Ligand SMILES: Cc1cc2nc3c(=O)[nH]c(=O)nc-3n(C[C@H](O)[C@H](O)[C@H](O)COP(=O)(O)OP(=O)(O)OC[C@H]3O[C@@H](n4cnc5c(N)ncnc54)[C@H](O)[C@@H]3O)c2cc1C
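Next up: a single chain in structure tokens, the form predicted on its own.
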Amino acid sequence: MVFVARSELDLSRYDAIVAGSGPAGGSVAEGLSRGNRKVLVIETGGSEYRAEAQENYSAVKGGGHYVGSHWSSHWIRMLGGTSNIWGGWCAPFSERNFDRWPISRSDLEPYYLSAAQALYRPPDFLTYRKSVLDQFEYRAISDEDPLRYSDPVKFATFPNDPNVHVLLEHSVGALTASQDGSRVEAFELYGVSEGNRELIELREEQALVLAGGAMGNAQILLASNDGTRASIGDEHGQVGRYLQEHPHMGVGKIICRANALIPSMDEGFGGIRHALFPSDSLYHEAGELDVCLVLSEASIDSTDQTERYLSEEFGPGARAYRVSVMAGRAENHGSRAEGFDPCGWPLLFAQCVVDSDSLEAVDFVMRSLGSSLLDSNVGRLRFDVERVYSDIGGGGHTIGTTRMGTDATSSVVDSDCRVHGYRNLFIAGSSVFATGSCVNPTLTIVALAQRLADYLAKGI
């Protein structure tokens, strides 16, 4: 990675220009460099966090269950993007999570392995599953230290890589389509410090990759409107329409026999979080809304009569676990433009509601867990049902605003992450997710970005 100044740049020399330096943009640049392609990464922020840049260039209005500051706090304007606040959790999507995608889990399988390696994870967590209860299986969620894409030591591919140049404190703004509408022929480059704008023309074979997060990617496309036709990528009104978040809630506590729910595992897994996942049949019964139950070790409350009784009932070594839910969807009601931000780009309005189907799915899965524990007599569940409906948080997993699909009337990019109709415009990151999962998206973001890099390395 070589930092460059605008005055030093000949933008025509690069094979690809990537807007955004987080896990998506960083992974695309890394993969293209391995293919001996020259890449320019453009980042709105600097090498350090600055509150002024964050406030000016990540403003979002919010409605529904999540206020505007929720979205803004997960759209980080600095080198490394959202990797700077990532908690480190990662897990692959299940095959069932790809039911509405134009690609399958098998298409990402090799990239899940390389993504785990890129994120410094032992690979065992990718495939480990064990049935521990009727209708539930145990899976490990990797919880190693998070990789910060701003870290020049740990992110070892970039330091001194002559193929990857990084331009800080600049941003990609409105795009310009060619006369025939088949490609993007230019983009606006905005200098954050100076406030200057210039139009940058793209060579015929240059690829432009938007990797600015689900909010940033939608914003750039919605800004790309010359007033004579629809915004680029939004010809069918699909940009920003499928915003999703993962509802989080703490809902219960389990008292159980020793070794009843968590298998004995060797050290080759690294740091992990324990989780229970519904079986495929239970998933379908719950309305095909994914739910993950994270188990955290807790103490048995000796002052609580019920917990004391259960600990005695289940014998020496009885264990207690807090149960937290990560659910697969919060229903979208739109993420569109409403006014303008300080640099003249569309100010996004995001309205995201946790719908009744999602809440009922959590309720159903939790009650099924309680029944399975009771039937097997390995444990009991205390389920705080009121918290399902009243205490809803979020993981900061902003996905779906430029979703992937085969039909341009209901999606923004195709299975290669190419914007429908534009042969040189691509999108990387969670904005292309056709649907979410109940697990954290970072591993899938990196896997998709690596897959996109391999595609682009062959030429557009």
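Residue numbers run from 1 along the displayed sequence. Everything numeric here is computed off the predicted structure, so don't read it as measured data.
Another form, the form predicted together with the named molecule, is not on view; read the next lines as being about it.
Heavy atoms of Gly87 reach within 4.5 Å of the named molecule in the model of the complex, making it an interface residue.
None of the heavy atoms of Pro247 is located within 4.5 Å of the named molecule in the model of the complex. Though the partner is left out of this view, Arg77 does reach within 4.5 Å of the named molecule in the model of the complex, counting heavy atoms only.
Taking the partner from elsewhere, Asn440 is found to have a heavy atom lying within 4.5 Å of the named molecule in the model of the complex. Of the residues given (Ser94, Ser372, Ser73, Ser324), Ser73 alone sits with a heavy atom within 4.5 Å of the named molecule in the model of the complex. Out of the listed residues His170, Arg139, Arg319, Arg329, His170 is the one that sits within 4.5 Å of the named molecule in the model of the complex by at least one heavy atom. The candidate spot formed by Ser279, Leu293 and Val365 lies out of contact with the named molecule in the model of the complex, as no residue has a heavy atom within 4.5 Å of it.
The partner is not drawn, yet in the model of the complex one stretch among 59-67, 32-40, 393-401, 406-414 has residues with heavy atoms inside 4.5 Å of the named molecule: 393-401. No residues of 270-308 lie near the named molecule in the model of the complex, the criterion being any heavy atom within 4.5 Å.
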